[in-house]
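One chain is shown next in structure tokens, namely the form predicted alone.
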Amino acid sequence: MSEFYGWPDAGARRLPQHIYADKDNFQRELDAIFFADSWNYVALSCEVPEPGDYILSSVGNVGVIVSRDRKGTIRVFVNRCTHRGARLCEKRKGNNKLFTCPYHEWRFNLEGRLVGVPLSQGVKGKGGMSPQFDPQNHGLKQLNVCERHGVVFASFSNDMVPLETYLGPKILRYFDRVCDGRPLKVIGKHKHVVAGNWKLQIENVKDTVHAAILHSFFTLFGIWRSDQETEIVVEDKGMHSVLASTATFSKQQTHSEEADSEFSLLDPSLIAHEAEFSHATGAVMTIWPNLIFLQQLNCLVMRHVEPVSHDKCVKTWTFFAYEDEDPALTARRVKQANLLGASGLVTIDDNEILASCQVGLQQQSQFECAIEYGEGSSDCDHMVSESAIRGFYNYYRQVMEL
């Protein structure tokens, strides 16, 4: 391995510039992380309720089709015809009895088998497929799939541990407190481009420090502040983490009476909260490699970060609720989805600052980010720590062999 792909002696307390700015490193990440031994979030099972239903998603930068077959089994296929590589599905979602390629109309059934090849016998005894061609060898590329409580994950690896083992008991406790087996329903979708490396987006929601500084809306109205009851939980290998905080909903005190009275909500219901869980009004979970599972106030959302290139990612938000809940609670979730979503009063801050970071990281070689808040890379009971980021990069270095 070249010196360029080395790592600073300070370990995860220093992050080298090339992991954000180098195109070759990005390709190595795809191979070592997304196309290897990782469970990748792809959808909620309620998005494909009936046989033939499908929705498009991605694993790394590879487009996939999440579909339910005739027996009700969820399958995940690479969205690519096995003939010439054309995309099978262009619409984001739909229902098909067969997947038909638009190029030469090869047809695949809901189990991924090739069941139709036009002109396979030729015309008037001439042409057609060669004697060596066997349709059984040309089915769709299918991924390994697992589902827990309505959340679907896929992997290119067939040698994966069960999802429960993958998450570990500390993270599983937070996963199951929201996705506890009750049927789910999707209440909205957002999708937008982030002008930054995919890891910057994942780090952002492991970073408790910025949440209480950058997001003035959070701090002003007591939703997320550094003086609140807080818990940072890091999975033992560093793969996953949870940042949990309990809102006070008290306005931040300032040194100016004018400032104290200047800012208020015309609609206080925007941050109205109905207690649903035993503790923490907000829990931000990150599941390796690229899922952000957010419970903030009554907003529930899966934020799927698709790595597009070394300097760009796409984030898809899937807001959800419980199928049998009070309609008034669902309405509150929808309102808070607009508060916290792609153009809400929080994410707009992150979009700008991550783009700024990406520009800065590409300006100078041999730069190192300093990850010095707090100690270690494990759990802690306060917000002024970057332990979850260090845990992530301890595991990242292991997987990437850096």
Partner chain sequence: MEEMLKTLLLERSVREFYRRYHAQLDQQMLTQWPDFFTEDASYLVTNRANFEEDMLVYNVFCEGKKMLIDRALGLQKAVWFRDRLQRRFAGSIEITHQSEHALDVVSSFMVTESRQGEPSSLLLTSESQDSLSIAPDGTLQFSKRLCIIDAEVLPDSIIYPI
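Residue numbers count along the first chain shown, from 1. Here the structure is a predicted model, which means the values were calculated and not measured.
Omitted here: the form predicted together with the partner chain. The next part is about that form.
Only one of 289 to 297, 174 to 182, 241 to 249, 216 to 224 lies within 4.5 Å of the partner chain in the predicted complex by heavy atoms, and it is 216 to 224. Residue-level contacts in the predicted complex: of Tyr103, Phe263, Phe133, Phe277, one residue has a heavy atom within 4.5 Å of the partner chain, and it is Phe263. Put simply, of Gln362, Asn351, Ser45, Asn61 only one has a heavy atom within 4.5 Å of the partner chain in the predicted complex, and it is Asn351.
Not displayed here, the partner chain is kept clear of Asp324 by more than 4.5 Å at the level of heavy atoms in the predicted complex. Under a 4.5 angstroms non-hydrogen atom cutoff, the partner chain in the predicted complex lacks Phe108 among its neighbouring residues. In the predicted complex, at least one heavy atom of Arg92 sits within 4.5 Å of the partner chain. Although the partner is absent here, Val334 is a contact residue: one of its heavy atoms lies within 4.5 angstroms of the partner chain in the predicted complex. Contacts of stretch 266 to 302 with the partner chain in the predicted complex, defined by any heavy atom lying within 4.5 Å, are made by Leu266, Asp267, Leu270, listed in sequence order.
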